Ligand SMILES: Cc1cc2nc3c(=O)[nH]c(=O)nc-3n(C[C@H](O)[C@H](O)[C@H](O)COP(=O)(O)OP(=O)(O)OC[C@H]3O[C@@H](n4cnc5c(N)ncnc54)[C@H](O)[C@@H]3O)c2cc1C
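Take a look at this single chain, the form predicted on its own, given in structure tokens.
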Amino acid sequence: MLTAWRDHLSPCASTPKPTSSVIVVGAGLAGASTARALAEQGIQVTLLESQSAPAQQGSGNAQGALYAKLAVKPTQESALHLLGLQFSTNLLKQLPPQEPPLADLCGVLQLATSEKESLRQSQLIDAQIYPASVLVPVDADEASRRIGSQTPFSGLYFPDAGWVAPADYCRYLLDHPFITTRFNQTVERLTQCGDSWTVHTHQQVFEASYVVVCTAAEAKKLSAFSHLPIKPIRGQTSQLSAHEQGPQLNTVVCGDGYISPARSGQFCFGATFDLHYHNSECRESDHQININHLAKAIPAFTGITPSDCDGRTGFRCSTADYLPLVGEAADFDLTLERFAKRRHDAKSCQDTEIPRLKGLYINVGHGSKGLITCPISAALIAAMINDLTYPLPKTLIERIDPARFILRDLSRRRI
């Protein structure tokens, strides 16, 4: 059994609860979105980040696609992705113009680059679940016209989607008078002192009414979250100069990978998916994987070599069921006690309330879908803290509840 997280808490003096203050830990897309959602509601936010600048890890790519792979038969995962896509695009439509742009809702074209994907898309079209405002089927000729370059594949076109520059977008989100950013602050532990939380970094102590942890897989280093089944997945993106004689793309194209229209004279494409290699240095072999996927989707890119590419690596944070972990943290030990009967009857204790670590929240596990799940998840946490109307239905909130894996593992007699 895991060591009780309380064993790591130090005694604290009785202090009055700060008024309307929140500490957000992590300055990637989840943390920046959470900080901004709270600040927009008039909450004073202190954001702590271990790196020297925002978006240095998985959110640091030059561009990312607003990508939602919808299921033929509606699932909770696809429902979350569709709601998140619509929520994110509505936010992006409100961005102020600037150069280079932070985002462009130029559309996303999902190509059917395999027989399996072609069958899935045909079934999705036949099911007639989604209106034309969400997706439009296109043949290879129409796909080529929308791309601005030839492709041999048909696909699904998402007219109200596009791309975002995640690192610059994070910096934009954090530029708010109610947000104070503190960089080079590695959080080592959390202590609960009455109705307040104290956050201990390697050099300072911070206190607030609420804490929201948004540090991806690093969240497991904090004892309150050490039980969570989250893991880092390495991804390498490639960048290529957009020469005038080369393809000039009109829309985001997704197949086995993705590529966005050029920004600041550079194409960004990728990304690899590696569970086992954890080095952050770029590899030529990964550039070649990205090139192969790109050239298959858009043959005009045939002939590119790894030596033509720059790039970067980042580490996505994935969960066991590929849904994020969003909400108030569960008290691990008390949950084990209160739901112990689930070890013998998986359906027992259905009306039992999950014990919480009051005031401690988490927002991690967005994988490669952070651009469509981080903003709506941030809005959910802000609504929970401020007791406002939630942006998601109860069924979806339960599916992304950080307590769900404790209940699952009890039912499966793993703990």
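It should be emphasised that the depicted structure is a prediction, and the values quoted were computed from it without experimental measurement. All residue numbers are counted from 1 along the displayed sequence.
Here the subject shifts to the form predicted in complex with this ligand, a form of this protein not shown in this document.
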Sort through 151, 251, 110, 237 and report the residue having a heavy atom within 4.5 Å of this ligand in the predicted bound form. 237
Please identify the residue among 89, 191, 335, 185 with any heavy atom within 4.5 Å of this ligand in the predicted bound form. 185
Taking any heavy atom pair closer than or equal to 4.5 Å as contact, tell me whether residue 210 reaches this ligand in the predicted bound form. no
Can residue 25 be called a contact residue for this ligand in the predicted bound form at 4.5 Å between heavy atoms? yes
Would you please decide whether residue 258 lies within 4.5 angstroms of this ligand in the predicted bound form, comparing each non-hydrogen atom pair? yes
Using a 4.5 Å heavy atom cut-off, state whether residue 29 contacts this ligand in the predicted bound form. yes
Testing 347-355, 381-389, 37-45, 365-373 against this ligand in the predicted bound form with a 4.5 Å heavy atom criterion leaves exactly one stretch, namely 365-373
Neighbours of this ligand in the predicted bound form among 308-323 [non-hydrogen atom within 4.5 angstroms]: 314, 315, 316
